[in-house]
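The chain below stands alone and is given in structure tokens; this is the form predicted on its own.
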Amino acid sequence: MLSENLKWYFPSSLPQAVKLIQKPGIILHAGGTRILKTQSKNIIGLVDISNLKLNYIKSKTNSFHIGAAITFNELIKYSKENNCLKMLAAALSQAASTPLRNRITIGGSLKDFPLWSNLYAPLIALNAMMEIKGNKSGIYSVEEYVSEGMIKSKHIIKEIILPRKEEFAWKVMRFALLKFEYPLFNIAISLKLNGKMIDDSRLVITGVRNRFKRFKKAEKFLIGKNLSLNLLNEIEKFVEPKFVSDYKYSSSYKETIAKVYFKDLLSEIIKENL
């Protein structure tokens, strides 16, 4: 239960909002799903971000700029209407349920990195950047944001910046034994192609130890190779996800399943582009 003395704040600018969240017990409120997993008795104030004008998607010459207040379903709709951002939209369409996708915001999912989020794997695979305001204000890669601990600082995410990618092939997937369960992991593969040759590659999994992993040895192995099903057996030795056992599944079970799905997704990309 939230406190009866809970205070709401309605800042009209980012600096005002940043100042408010520096105080103990005051958190941001956008979609509200974060509160479901927060110790509500410790919350004494909510900062409503609806007046900060962060609900936008801007298409520029070399990039897309996605405001932090955009919901998953708003991005999915934009993708369909404008025939763009397909990889990210495909990942988000698998997340949670329709009512929750109408509430979950890009910024909120990034700040919390919840287990059910399908957001991080495709963003890292697409080499997305993000702008934050507050502690450590600046523009950082999404990968850097997590790996260097910035996710724990008191700040507001302003927007995500996605480079426009031409001539690239991709696959994303969410693995859960039952559709309504939290996923065991999320996978995203992005290959930049020059004809049949792989010019660049990014292979990402979330749900592992330390939240996410890029398989950099596998990425390096693929660069300069021509698309071929022979790559599947060769790349297997470079894909070694490390999981933590839980009350349902052992780490070895998760690792085995993840390897199988990496090969399956890469096989699909190869077959579609040969």
Ligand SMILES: Cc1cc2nc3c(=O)[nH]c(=O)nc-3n(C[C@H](O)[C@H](O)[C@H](O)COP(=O)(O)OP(=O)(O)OC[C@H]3O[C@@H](n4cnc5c(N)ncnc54)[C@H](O)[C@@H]3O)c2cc1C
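What you see is a predicted model, and the numbers here were worked out from it, not measured in a lab. From 1 onward, residues are counted along the sequence shown.
Missing here is the form predicted together with this ligand; even so, the following discussion is about that form.
Using a 4.5 Å heavy atom cut-off, state whether G134 contacts this ligand in the predicted bound form. No, G134 is distant from the partner.
Is G32 one of the residues lying within 4.5 Å of this ligand in the predicted bound form, judged by heavy atom distances? Yes, G32 is a contact residue.
Contact test in the predicted bound form: M150 vs this ligand, heavy atoms, 4.5 Å: The answer is no: M150 has no heavy atom within 4.5 Å of this ligand.
Going by a heavy atom distance of 4.5 Å, is A96 a contact of this ligand in the predicted bound form? Yes - in the predicted bound form, heavy atoms of A96 and this ligand come within 4.5 Å of each other.
If the criterion is a non-hydrogen atom within 4.5 angstroms, does every one of K111, R174 and P183 touch this ligand in the predicted bound form? Yes, each of K111, R174 and P183 comes within 4.5 Å of this ligand in the predicted bound form.
Sole residue of I139, C84, L100, M197 within 4.5 Å of this ligand in the predicted bound form, by heavy atom: Answer to the contact question: L100.
Taking 4.5 Å between heavy atoms as the contact cutoff, choose which of L88, I157, L191, A125 touches this ligand in the predicted bound form. Checked against the cut-off, the match is I157.
Looking at 238-246, 66-74, 212-220, 225-233, which stretch has residues with any non-hydrogen atom within 4.5 Å of this ligand in the predicted bound form? Contact-bearing stretch, as computed: 66-74.
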